[in-house]
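Next up: a single chain in structure tokens, the form predicted on its own.
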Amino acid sequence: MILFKRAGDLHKYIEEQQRNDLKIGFVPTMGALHPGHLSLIERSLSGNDRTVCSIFVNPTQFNDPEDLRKYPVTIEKDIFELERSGCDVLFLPPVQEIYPEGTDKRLNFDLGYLETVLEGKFRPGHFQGVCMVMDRLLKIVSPDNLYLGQKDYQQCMVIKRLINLSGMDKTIHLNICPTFRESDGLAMSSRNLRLNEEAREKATIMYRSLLFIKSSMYNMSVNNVKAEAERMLTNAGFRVDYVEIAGADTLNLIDSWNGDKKIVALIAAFINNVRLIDNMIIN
């Protein structure tokens, strides 16, 4: 595996590969890698000639500085896992390589409705920061295929919009891959490393709440389903940001459902001051 820390060096390497008609797959991460990340690497390896993984904890997408400070960093373990997986390239840039003009110079991306609901509502500025780093990374790597996990459902939709806005949809194919889960259903997340044993056990209620929503949507009203799922979470000690049900293609929130339209249930909640998110597609 080749490790690059400078954007210019990586870009030259990518250009050389593409001149030789080699297809590039890209998996952007913030490190603290888990099997979900590695499944994306595996997907990329199977569909491309070269696979690039980036590890960069992006400061512009954290609206809470304390959350950034506590974000888990396991770089030595991450490098070991990437080498073992067969990943071809690791991009490990310092902040100044991604933001040569500093992090205070903000761009504005027209994200429309997506920036006003769910994560956009509860984490103001978060998706603008996501777009800043992804716009920069995609221009550096210029991949043929981009691989993202469904666990960050709204973020996937935001990045899809970014790709369309920038015109990169003509050259980049976005692959959204299923959420990887622990044996008890908990969605794999780097933030899970911050859970103590008690909180880790309680965290499975989030998955059970989604299963409840999925099984109850056919015989209960949308509002009653959401209220009961939220009660399950609060009774387990969660502080809930939202339990919502939305159109899977638009994220328009719904208050009724005829059983035909493809929808998605989404949850964000804190357990022991660790914020977890999860979702489940229905129908």
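The structure presented is a predicted model; accordingly, all values stated were derived computationally and were not measured. The numbering used is simple: start at 1 and walk along the sequence shown.
The discussion below concerns the form predicted in complex with adenosine monophosphate (AMP), not included here.
Given a 4.5 Å cut-off on heavy atoms, tell me which of 145 to 153, 99 to 107, 197 to 205, 79 to 87 is the interface stretch with adenosine monophosphate (AMP) in the model of the complex.
Among the listed stretches, the partner-contacting one is 145 to 153.
Heavy atom to heavy atom, is Met30 within 4.5 Å of adenosine monophosphate (AMP) in the model of the complex?
Yes, Met30 is a contact residue.
Taking heavy atoms and a 4.5 Å cut-off, does Lys226 contact adenosine monophosphate (AMP) in the model of the complex?
Residue-level check for Lys226: no, no contact with adenosine monophosphate (AMP).
Wondering, does Val52 line up within 4.5 Å of adenosine monophosphate (AMP) in the model of the complex on heavy atoms?
Although adenosine monophosphate (AMP) is absent here, Val52 would stay clear of it in the model of the complex, with no heavy atoms inside 4.5 Å.
Tell me, yes or no, whether Leu40 is in contact with adenosine monophosphate (AMP) in the model of the complex, where a contact means a heavy atom of each within 4.5 Å.
Yes, Leu40 sits close enough to adenosine monophosphate (AMP) in the model of the complex that at least one of its heavy atoms falls within 4.5 Å.
Adenosine monophosphate (AMP): the contacting residue among Met188, Leu118, Leu162, Leu137 in the model of the complex [heavy atom, 4.5 Å]
Spelling it out, the residue with a heavy atom inside the cut-off is Met188.
Those residues of 54 to 73 which, in the model of the complex, come within 4.5 Å of adenosine monophosphate (AMP) by heavy atom
Contacts from 54 to 73: just Tyr71.
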